[in-house]
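Have a look below at one chain only, the form predicted alone, in structure tokens format.
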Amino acid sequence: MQEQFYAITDYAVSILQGDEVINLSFEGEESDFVRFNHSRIRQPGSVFSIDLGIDLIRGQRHAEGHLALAGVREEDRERVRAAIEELRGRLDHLPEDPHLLYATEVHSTERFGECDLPDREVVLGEILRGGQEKDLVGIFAQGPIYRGFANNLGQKNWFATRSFHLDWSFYLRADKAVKTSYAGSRWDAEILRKKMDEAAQQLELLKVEPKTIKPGKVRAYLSPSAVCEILGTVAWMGFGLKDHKSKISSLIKMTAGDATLHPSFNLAENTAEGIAPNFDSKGFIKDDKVTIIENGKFKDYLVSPRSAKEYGVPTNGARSFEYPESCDLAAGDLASDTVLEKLGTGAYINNLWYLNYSDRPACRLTGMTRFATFWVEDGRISAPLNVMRFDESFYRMFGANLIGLTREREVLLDNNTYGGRQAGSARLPGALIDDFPFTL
């Protein structure tokens, strides 16, 4: 696909007029998808897609458009020509954009991620063996994802990665299931087997009569998946420069110096060790690492080109929504195999959902437990826990009430396929928290 993108770039540049500038962004994938139900393959398929973003610029005016390409040279050229003509017709009718900023210094790059995936048939065989005599429900996707940027100033950037994502549940009955996932760029059958065994053990525990507890504060363990749900909500209008400057960020108390987190809390946008591209759609190269929170204190914002222009600061390559694409929470010193012992008596939470802010300025979140949540007594799982709602401040969860983060971390890939597979990832530990409040 790289040659196709560069070829269409050369054509687009050749039909520019006058002082026009063009930025081209490319997204493509070649993915295999398989859906499972009752531990059987129900819907195999594959996707080949190419999408091109065009930003035509004249002075401080610009017009943007997106189109799907077919991978056929003459057909794609005609589509691009028509799109550029349409955008050109808009420019005279658009006002100048005071916050338009794009790269003018040429910085070309190429990055090819790990490529260590077995044949699909091998993977499917291992998945089906793990689901024998169980109701395995889920979806598996694997294959290359491509991203590219180019302009008429001579810059060309290319990024390619091959990854897989298995998102599955062992279903028991009604709303009782154990949900987990396995994702990455390097397939390891032993890791899958271990995850399948752990899920099978929890499935047996779900057969016990569920327990209902009264609302109140308990000690709780949040799995990496549950931590991901919380950080994903906080990252929504939490880490970006624009949100802080406009005073709508949920973490405004941190940048004002009125709140801190536990000193062991260190959060970064770690592009160098993630699977997202290291450039944005305006041609800026992302910093290898942006430390957002260091030793519990807010340090650096994610800054998109528009925010950089508006507030007169350098961009660090964040996309327009200023949301981390390679989220990295540093490990702690709590061994995962001692979690139950350290939890003692409390709630072991595998999954959360329906999260939202109950008080954004206070960074207070509400949400519900989901799937396999267990009640633990004296370091042993005693029963499944019926669905509970929590309502708590992020500052307390990961501040004064944070007992510890696990040494082991899990890589979680963005499993969103709406409009195409995504290149986002998170590497997160689990968290042991005191006085976690259940409200319902």
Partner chain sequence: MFEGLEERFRRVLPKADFCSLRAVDERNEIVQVRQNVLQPIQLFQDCGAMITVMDRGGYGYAATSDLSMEGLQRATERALSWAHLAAGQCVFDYTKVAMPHPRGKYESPAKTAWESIPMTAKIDIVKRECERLKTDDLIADFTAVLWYARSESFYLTNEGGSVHQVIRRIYPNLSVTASEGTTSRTRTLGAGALCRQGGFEVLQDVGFMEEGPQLAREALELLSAPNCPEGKMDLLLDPSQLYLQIHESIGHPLELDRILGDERNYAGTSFVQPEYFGSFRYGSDLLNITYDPTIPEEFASFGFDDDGLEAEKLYLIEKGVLKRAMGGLISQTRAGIPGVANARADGWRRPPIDRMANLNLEPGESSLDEMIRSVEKGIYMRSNTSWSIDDSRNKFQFGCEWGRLIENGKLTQVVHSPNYRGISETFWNNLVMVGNRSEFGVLGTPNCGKGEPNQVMRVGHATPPALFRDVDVFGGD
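Note that the structure is a prediction, hence the values are computed from the model and not measured. Numbering follows the first chain given and starts at 1. Take the two forms, superpose them, and find the largest set of C-alpha atoms that agree within 1.5 Å; that set is the rigid core.
Not pictured, yet referred to below: the form predicted together with the partner chain.
The putative spot formed by 153, 185 and 226 is not touched by the partner chain in the model of the complex; no residue has a non-hydrogen atom within 4.5 angstroms of it. Not displayed here, the partner chain is kept clear of residue 400 by more than 4.5 Å at the level of heavy atoms in the model of the complex. Heavy atoms of residue 40 reach within 4.5 Å of the partner chain in the model of the complex, making it an interface residue. Mapping the unseen interface onto this chain, residue 110 falls outside it, with no heavy atom inside 4.5 Å of the partner chain in the model of the complex. Put simply, residue 93 is close to the partner chain in the model of the complex: some heavy atom of it is within 4.5 Å. Look at 362-370, 331-339, 271-279, 143-151: in the model of the complex, residues with non-hydrogen atoms within 4.5 angstroms of the partner chain sit in 362-370.
Checked against the partner chain in the model of the complex, the residues 189, 160, 128, 117 give one hit for a heavy atom within 4.5 Å, which is 128. Taking a 4.5 Å heavy atom cutoff to the partner chain in the model of the complex, the contact residue among 319, 195, 99, 297 is 99. Residues 416, 417, 418, 419, 420 are the ones in 416-433 with at least one heavy atom within 4.5 Å of the partner chain in the model of the complex, listed in sequence order. Once you line up the core between this form and the one not shown, the Cα of residue 162 ends up 2 Å or more from where it was.
Relative to the superposed core, residue 394 shifts its CA atom by less than 2 Å between this form and the one not shown. Residue displacement note: residue 128 has its CA displaced by at least 2 Å between this form and the one not shown (rigid core superposed).
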